[in-house]
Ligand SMILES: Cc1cc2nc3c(=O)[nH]c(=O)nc-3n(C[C@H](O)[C@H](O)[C@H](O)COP(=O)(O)O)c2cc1C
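Heads up, the chain below is alone and in the form predicted on its own; it's given as structure tokens.
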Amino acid sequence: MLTVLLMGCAAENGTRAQATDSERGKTLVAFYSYTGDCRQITETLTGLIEADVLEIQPAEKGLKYDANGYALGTQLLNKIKAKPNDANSYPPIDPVTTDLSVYDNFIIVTPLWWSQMAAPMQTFLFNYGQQMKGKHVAMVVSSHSSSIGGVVADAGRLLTKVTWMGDALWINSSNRSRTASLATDWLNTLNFKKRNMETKKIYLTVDGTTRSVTLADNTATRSLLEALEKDAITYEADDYGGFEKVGGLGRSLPTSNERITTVPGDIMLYQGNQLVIFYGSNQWSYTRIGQIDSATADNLKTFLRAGQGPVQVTLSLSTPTAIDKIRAKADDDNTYVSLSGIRSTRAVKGIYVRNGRKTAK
């Protein structure tokens, strides 16, 4: 049974519950509407919560799916049912250009066709469901009177790696006039996947000194946060041009480049795999990563050892603490621990503690 982590939605009188829109994760309402009912439901939802909207549209326009007792609609559904794992079984839809990776929550609004999910919505979930992997998803189903168990089953088949929360909202001929109140009650019983505002900051450690960094909000920083949830990232950065420290991250992040004039404290992604930390200014095409807090040109030159050659840089999600006691354990996992307390599975130049022993690389 399907719903989404949604909380703090607007009540009909304009009041909101505990969470504000700015505290929630980003939400997308994806809908397909043949008769117009699902479009009205979507308009109601987006009047209650802050969300972007994506309309799913068949590639071939003007088809009458309901003609002759839903003959064409039934034909499309039977083709999917016969070979549900074959992409050719699904009717073409217009390409989706929306970047689904930037959304934390999805609400699917779909009509019911002969006890199944409408064929165009099935195409959307079949083609783009992988981009919802790990996300929180809800569903609203519109029908005349038929129960929605078949639509729920279709959604479960098409979206296997998402978090389903609670029951789908069923809007039918008997309650359609109460859509606004039903949607409000439904939303207020659920929880948005809220963005942890603490993860808007990461920590940058250079040769044992740590500064906090406020992140930008884009696909690159989301990917970086996912990587840092697994382990800290340590790399080597060197001076370039008299205004920056730059080094390869050892991994690639998605880019959204724009021409930027940097200021001291800016952290930028260059060519998708190099991190640039500015203690001066430059103008080039970068993807913005973040800004070192309370940065000035003078304190950054000291922090980054400007002009003094390569430095070891570590990115982490928590503030490191210095090591004051070392105790070897029989089950030690060979993790490298820097003298500033950063743990990593690999090391670059520097002094580390590994399996209870000090070592240099």
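All residue numbers are counted from 1 along the displayed sequence. Please read all numbers here as calculations on a predicted model, not as lab measurements.
Separately, the form predicted in complex with the named molecule exists; it is not shown, and the next lines address it.
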For the three residues D66, Y70 and H144, verify that every one has a non-hydrogen atom within 4.5 Å of the named molecule in the predicted complex; reply yes or no. yes
Taking any heavy atom pair closer than or equal to 4.5 Å as contact, tell me whether W113 reaches the named molecule in the predicted complex. yes
Under a 4.5 Å heavy atom criterion, is A30 part of the interface with the named molecule in the predicted complex? no
With a cut-off of 4.5 Å between heavy atoms, is G309 one of the residues that contacts the named molecule in the predicted complex? no
Using heavy atoms and a 4.5 Å limit, would one call G62 a contact residue for the named molecule in the predicted complex? no
Though the named molecule is not shown, can you say which of R176, K81, K201, K133 has a heavy atom within 4.5 Å of it in the predicted complex? R176
Here the chain is shown alone; which of T35, T46, T302, T319 has a heavy atom within 4.5 Å of the named molecule in the predicted complex? T35
Answer range among 90-98, 121-129, 229-237, 105-113 for contact with the named molecule, defined in the predicted complex as heavy atoms within 4.5 Å: 105-113
